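Listed next as structure tokens is one chain, alone, in the form predicted on its own.
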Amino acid sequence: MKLGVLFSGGKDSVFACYRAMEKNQVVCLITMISENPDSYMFHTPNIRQTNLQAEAIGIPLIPWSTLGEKEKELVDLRNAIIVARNRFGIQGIVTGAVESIYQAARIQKICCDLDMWCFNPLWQINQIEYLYTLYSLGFKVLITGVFAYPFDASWVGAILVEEKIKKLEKLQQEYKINPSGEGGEFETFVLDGPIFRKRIEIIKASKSYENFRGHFILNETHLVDK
């Protein structure tokens, strides 16, 4: 089956793409570029870097702009999916949804209206086991933002290694956070992985942190042979 992946560049959409590629043909990636940094539906940190990830993976990217207005941004998503279907003949959409009913239900409805399959390979996955799977498979996951207590500045720009996963497991037990960041606690960007033909190297980045909110912005990046 020909599929398009809703692609933010974060760990969930990249891993969902990986899973979809195991038994299906992923023919395009769809990135929604929101002008609203607090979009209800779409990931926004470093979103314009997805073109480099698409090049690294070797799959065409459809970037699609949206104002990010609540519910109205769903119309933009629907239009992007229609363009992907017309251009690449996709029969279904892949999402990286883990627990967000808000996102999953709205994407499912769009797919149903367009008579397309909606594939959610991460839905209700054990989040800690999932993080260890990412690490063991060789995905290099960069934490690009934190947005909740008790995440301190040490998390901003950190790589998701085994030590960090153990800390997330402890934070889940103590503070009831979503260890995969599904509750908006943190955002990520994938620099490398088993589906990457090249890896992404950071040349220049900027970091900010205050009151349990921090950002790691990729100012300059390039691809490196593996």
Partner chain sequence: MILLVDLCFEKNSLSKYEFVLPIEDTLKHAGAMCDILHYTEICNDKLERCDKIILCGTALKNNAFAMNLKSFSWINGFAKPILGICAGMQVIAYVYGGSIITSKSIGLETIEIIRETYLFGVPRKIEGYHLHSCGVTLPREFELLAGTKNKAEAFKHHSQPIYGIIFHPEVRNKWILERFIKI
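Note that this is a predicted model, so its numbers are computed, not measured. Numbering follows the first chain given and starts at 1.
Below: the form predicted in complex with the partner chain, not depicted.
Of the candidate stretches 67-75, 137-145, 105-113, 152-160, only 105-113 has residues with heavy atoms within 4.5 Å of the partner chain in the model of the complex. When contacts are judged by a 4.5 Å heavy atom cut-off, I202 does not count as touching the partner chain in the model of the complex. With a 4.5 Å cutoff on heavy atoms, F88 does not count as touching the partner chain in the model of the complex; it lies far away.
W117 belongs to the set of residues with a heavy atom inside 4.5 Å of the partner chain in the model of the complex. Interface membership of N79, defined by any non-hydrogen atom within 4.5 Å of the partner chain in the model of the complex, is ruled out.
When contacts are defined as a non-hydrogen atom within 4.5 Å, none of Y132, K167 and I177 contacts the partner chain in the model of the complex.
If you take 2-36 and check each residue for a heavy atom within 4.5 Å of the partner chain in the model of the complex, you get L3, R19, A20, E22, K23, N24, in sequence order.
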